[in-house]
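Here you'll find one protein chain in two forms, each presented separately as structure tokens under the names structure 1 and structure 2.
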Structure 1
């Protein structure tokens, strides 16, 4: 697989890229928490929150619409929230029967549904921007600095390094499956009647093939972990991972961080 399929970092080198990763993580989480805290229908605050997102987009030199284009990712989940239209107590607007239930649309319900969508839409844009302007290794360092347990950050670092290697293996396995199964239409293969056409097989058989692939992938991964362990031992690993702490907070980081926190707090004031 081409590695860039999993890469989310964009080398535009805007001012936001240079902001320390820790600050960006804290601000992103603060923004998402703030969205969750805003009451339903706080449209002014939501709108200003969006301006904040736009400003961040501009400061990343990615173009104002960068996060907008990618923000629909959470949309399928909105299906789950549709039912909030009927579950929130409020003034009934209309009602209709559904699978033996009487569903009542309320004004508060509609308001809640719209608010959930907006909250989610704003939050996901912040998260998209975070990984677009921060390299993933820096993000891991930020988590270390923010006192996330080292074993978890280390496992995440390994996962990040090897997801590329192992997805390549998966792609090869999938290609091999395709090459074995999909090529012979029944009419041109008189010598292999039925035996070859995967389509003739049931879903259980297909699941079994997939399961065998998973098993194979596990064994390869397990053996790889042995070799990696040896490579670590050979370079002095004794059971404790050590890391350098390459990042320091500058005055610029503090200032921008504090200012943005103030902005986010003022969103709260406006929204209530």
Structure 2
């Protein structure tokens, strides 16, 4: 099983790894909600929030730039809010024609768009750090202890688990196709292509091959998921993922959680 395709957990012995999963989930959600509630242009609070993320990176022993490098990929998705530059009332800065209309850039619109980018960037960093220092079974247990709906946690757990099964089946199909794609040595004849795959094939032929592979993937995944489920029932599965972690809150967890919540609340006071 190629578990490293989707698993983003990093095995280290940092203080943040040893923190109880429920505390990490609550603090991450509180930090994201706090960013969303901050007013536009609260740059001091945003900067202190980033310092809080950097401190969490240091406690995780993953490096100060761990979440910074990985969060940049999410910034293009925040461009969906670019319409706020033109739709937010404010003092006009410039204008330009677009599809027969005149779009006016306002100062309030630029401020709101920049604030949305910063909020998204900080929130993504917090989420990345959460999954990097917490195993997925512990995350599911944390959601269950926090009284998340049982059906949601079960669906998430099975979806995550079968992503590995599906990716493994895809790798098997691709490996089987490569093993059956013979090549001709160049000494056979200069008139033959070096690889059979280099022959010109039409779009219909390629679509047929892709359709056959998708169909095979569906059948193999369905049959394998049925076997996995029967194996889980045979091993005593009762709708709950079990781990060796005791999942108990210590005094250290309560102290760190309370101090971090106070820091997050202070960001709200500074941002106002």
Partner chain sequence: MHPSPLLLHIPDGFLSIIVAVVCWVITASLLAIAIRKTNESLGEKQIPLMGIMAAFIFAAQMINFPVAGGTSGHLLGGALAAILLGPWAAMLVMTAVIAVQGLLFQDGGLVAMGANILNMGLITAAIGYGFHRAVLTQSRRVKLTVAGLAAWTSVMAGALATTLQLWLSGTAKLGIILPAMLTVHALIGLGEAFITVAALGFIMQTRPDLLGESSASALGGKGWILAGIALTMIVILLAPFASTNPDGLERVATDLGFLQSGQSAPFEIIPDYTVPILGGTPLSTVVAGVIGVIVVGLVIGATAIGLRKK
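Numbering follows the first chain given and starts at 1. The term rigid core refers to the maximal set of C-alpha atoms that superpose within 1.5 Å between the two forms. Quick caveat: nothing in here was measured; it's all calculated off a predicted structure.
Can you tell me whether structure 1 or structure 2 is the form predicted in complex with the partner chain?
That would be structure 1, which is the form predicted in complex with the partner chain.
Does superposing the core leave residue 93 with a CA shift of 2 Å or more between structure 1 and structure 2?
No, the C-alpha moves less than 2 Å.
Residue 228: CA shift of at least 2 Å between structure 1 and structure 2 after core fit?
Yes, residue 228 moves 2 Å or more.
Compare the position of the CA of residue 162 between structure 1 and structure 2 after a rigid core fit and state whether the shift reaches 2 Å.
Yes, its C-alpha moves 2 Å or more.
If I align on the rigid core, how far apart are the two C-alpha positions of residue 174 between structure 1 and structure 2? Answer in Å.
For residue 174, the alpha-carbon shift amounts to 5.2 Å.
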